[in-house]
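Presented as structure tokens, the chain that follows is alone, the form predicted on its own.
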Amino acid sequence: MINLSDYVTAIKGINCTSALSLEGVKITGAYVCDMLSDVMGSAKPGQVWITIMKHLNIIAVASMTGIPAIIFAKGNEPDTAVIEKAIEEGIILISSKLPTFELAGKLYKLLNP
């Protein structure tokens, strides 16, 4: 388990939901997928979700599965409506310019030093 803030630093991430603090958020792993039904059926609470999807439905899926943060790969950034809903639901949104593979790899290294 690591602090979300340490991971965000490692991936040079930008907090798109600056109203929500990264401090105190612990993560246990990641789920990497761009299919909502798969995330709903397989992601675990405490994992971050690494994706390129940025539409409003991702917030509902993250909320249902106990995902504390969504990491957008390849510089993707959500629009204002998605950010507002994420803040309302307490889901942190992070954008990183890194590709999905590198985002997952960096998290794996942090979790398994």
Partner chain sequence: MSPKAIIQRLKYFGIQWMAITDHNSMQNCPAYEMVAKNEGLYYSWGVEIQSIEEIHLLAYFDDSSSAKEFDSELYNSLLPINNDVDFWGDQVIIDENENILRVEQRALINSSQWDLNTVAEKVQAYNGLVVPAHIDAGVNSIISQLGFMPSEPELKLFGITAMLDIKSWLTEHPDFEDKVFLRASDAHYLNDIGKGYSIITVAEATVQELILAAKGVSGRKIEV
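Numbering follows the first chain given and starts at 1. Everything quoted here is computed from the prediction, not taken from an experiment.
Not on display, but discussed next: the form predicted in complex with its partner chain.
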property	result
Exercise: residue 81 in contact with its partner chain in the model of the complex, heavy atom 4.5 Å	no
4.5 angstroms heavy atom contact with its partner chain in the model of the complex for residue 77	no
Contact flag, residue 40 vs its partner chain in the model of the complex, heavy atom cut 4.5 Å	yes
Contact test in the model of the complex: residue 36 vs its partner chain, heavy atoms, 4.5 Å	yes
Among 83-91, 47-55, 66-74, 22-30, the region lying within 4.5 Å of its partner chain in the model of the complex by heavy atom distance	47-55
